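Here you get one chain, nothing else, as structure tokens; it is the form predicted on its own.
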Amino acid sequence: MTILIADDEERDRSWLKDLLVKNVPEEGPIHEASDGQAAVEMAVKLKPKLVCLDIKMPHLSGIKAAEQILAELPRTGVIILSNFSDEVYVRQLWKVVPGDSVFGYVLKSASNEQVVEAVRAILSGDCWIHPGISRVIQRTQNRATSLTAAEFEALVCIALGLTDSSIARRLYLTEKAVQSRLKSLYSKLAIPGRGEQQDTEYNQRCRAVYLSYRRGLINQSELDDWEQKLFDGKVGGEKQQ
């Protein structure tokens, strides 16, 4: 049996390694990686039973590393350890983790007992989600409040400052389709429409971006990735005739 710990902070790697050595000594040896790309390469070579990944690492994020590791080693258990309970990370994780995978999401604010509980759960074939993440998951699975992929695209575009015509051009949509997506986005964020009387002092686009940051739907890292994809032409469907 082998465990791989990937974190760019040596202090966090040492803490987790000591915790695992004391509580699951039978599952060693324990290997370490200091960035996401190294984690993928070591995982493919070592074929560990469990990989613990920090969510924010150089070269490759924990979620992208998890995606690549699970593509090569679908039976490997994966635990994401993070300081963040942002909804954007939960959305990303749900995209890359196959439904039959064994995984956990543990906040670094968790107690040592909770971390050990999560590790033992994953090693036994179960999943483990930190209680602080559970309400975020429920919200992402609620059709009345969760954003569709189309609504999320619209949100990212207005957060980047794009106009309706620019969004339409980059996503190969009509401006009417863009406005329809935005209208649906505003509704899910409980932002009144322009024709409604209450709270009409808000600019809808600015309000949507503010509420999304506060809710954890978007963050700087996500916007940087999307800006690169949008301007490289890697986002959008077929051109409309």
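Owing to the predicted nature of the structure, the values given are computational and were not obtained by experimental measurement. All residue numbers are counted from 1 along the displayed sequence.
One more form of this protein exists, namely the form predicted in complex with another copy of the chain; it is left out here, but the text below deals with it.
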Can you say which of 70-78, 123-131, 146-154, 163-171 gets within 4.5 Å of another copy of the chain in the model of the complex, counting heavy atoms only? 163-171
Every residue in Ala6, His31 and Lys45 with a non-hydrogen atom within 4.5 Å of another copy of the chain in the model of the complex? no
Taking heavy atoms only, is Asp224 within 4.5 angstroms of another copy of the chain in the model of the complex? yes
Check Ala190 for me: does it contact another copy of the chain in the model of the complex (non-hydrogen atoms, 4.5 angstroms)? no
Any chance Glu201 has a heavy atom within 4.5 Å of another copy of the chain in the model of the complex? yes
Counting only non-hydrogen atoms and a 4.5 angstroms cut-off, does Lys108 reach another copy of the chain in the model of the complex? yes
Scan Ala159, Val102, Val119, Leu93 and let me know which has any heavy atom within 4.5 Å of another copy of the chain in the model of the complex. Ala159
Here the chain is shown alone; which of Lys64, Lys49, Lys183, Arg207 has a heavy atom within 4.5 Å of another copy of the chain in the model of the complex? Arg207
